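Next comes just one chain, in structure tokens: the form predicted on its own.
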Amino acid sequence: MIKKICLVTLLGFGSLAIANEARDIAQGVYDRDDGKTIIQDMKMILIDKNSNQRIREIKTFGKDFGKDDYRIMFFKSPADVKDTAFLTYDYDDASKDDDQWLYLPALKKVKRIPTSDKSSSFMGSDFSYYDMTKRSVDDYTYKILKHTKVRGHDTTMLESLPVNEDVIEESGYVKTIGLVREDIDMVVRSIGFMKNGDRKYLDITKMHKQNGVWVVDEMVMTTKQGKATVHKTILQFENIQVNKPINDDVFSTRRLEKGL
């Protein structure tokens, strides 16, 4: 009996150590150096199930404010979305909801994105408003599923489960499986299991290192129902500048209305 109790205890500590290791990997992803600032041109390519494409040109700026992360996007073309702008305040404090605003030029109005809408599509893409922010580590529990390779690099397959229904309602995800590149703490592929039964497949297809920081050149998000592709979004980044000074006043709702 004593041996059995000891074995159970050891197994318990072993499970705890594995759980801690999984959380440490998630924390490493969250803490990864992605630059103090970033400026880039983004091309958003929207592809429907019939392979029809729509292309949107966007200028984006990002800056760290202490532990918080602010980002702003200005749509440059086509005409039907030109001058639309989007601002995110991504707070490090997990108890504080991130703030997001969208400026719609047709209405000449800045709209605040409520928490209840954050799982909805961002500008017709396969990314949601929630996807435009960093996930709080404390909002999920983690489990290492296995180690494998992606494009020749060692990765850890990490399962993330929301800690409660509030996180599911805000994110739209009931589970996520991510592949984290072990040498750079970066998620390079993931599958998001949606509460409506759809799955979203993310693939970082191109990246490079600039000024010591790994940045993404291209990523693809594909939404599927079963094996059928519903929609796909390709994001391509050019003219990337890392750690170049940006004035703080760029990241304001007033600037949303003013534009580039």
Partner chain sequence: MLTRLFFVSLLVTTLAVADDVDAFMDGFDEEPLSTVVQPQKEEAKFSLSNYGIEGKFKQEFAYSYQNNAPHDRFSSLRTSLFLEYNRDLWKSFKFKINGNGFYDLSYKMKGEEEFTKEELNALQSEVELFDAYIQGSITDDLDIKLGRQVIVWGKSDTIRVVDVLNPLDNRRPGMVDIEDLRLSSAMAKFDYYYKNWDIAPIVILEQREDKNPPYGGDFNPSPIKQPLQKKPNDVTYALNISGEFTGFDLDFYYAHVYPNFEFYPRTDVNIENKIDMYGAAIAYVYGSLLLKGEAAYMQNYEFLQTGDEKFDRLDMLLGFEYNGIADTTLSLDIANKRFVNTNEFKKDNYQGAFRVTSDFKNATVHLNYLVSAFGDTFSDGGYQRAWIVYDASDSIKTTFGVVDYLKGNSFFDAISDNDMLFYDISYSF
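Residue numbers count along the first chain shown, from 1. What you are looking at is a predicted structure, and each value in this text was computed from that prediction instead of being measured.
Keep in mind that the form predicted in complex with the partner chain is missing from the display, and what follows is about it.
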{"query": "Contact test in the predicted complex: Asp90 vs the partner chain, heavy atoms, 4.5 Å", "finding": "no"}
{"query": "Partner proximity in the predicted complex: Met157 to the partner chain, non-hydrogen atom cutoff 4.5 Å", "finding": "yes"}
{"query": "Non-hydrogen atom contact Ser116 with the partner chain in the predicted complex at 4.5 angstroms", "finding": "yes"}
{"query": "Glu170 within 4.5 Å of the partner chain in the predicted complex, heavy atoms", "finding": "no"}
{"query": "Site test, Lys134, Asp185 and Lys209 vs the partner chain in the predicted complex, non-hydrogen atom cutoff 4.5 Å", "finding": "no"}
{"query": "Option touching the partner chain, based on a heavy atom within 4.5 Å in the predicted complex, out of Met42, Ile39, Val216, Ile191", "finding": "Ile191"}
{"query": "Partner contacts in the predicted complex for 178-209 (non-hydrogen atom within 4.5 angstroms of the partner chain)", "finding": "Leu179, Arg189, Ser190, Ile191, Phe193, Arg199, Tyr201, Leu202, Asp203, Thr205"}
{"query": "Cα-Cα trend for Ser77 and Thr115, given that in the predicted complex the distance shifts by 3 Å or more", "finding": "closer"}
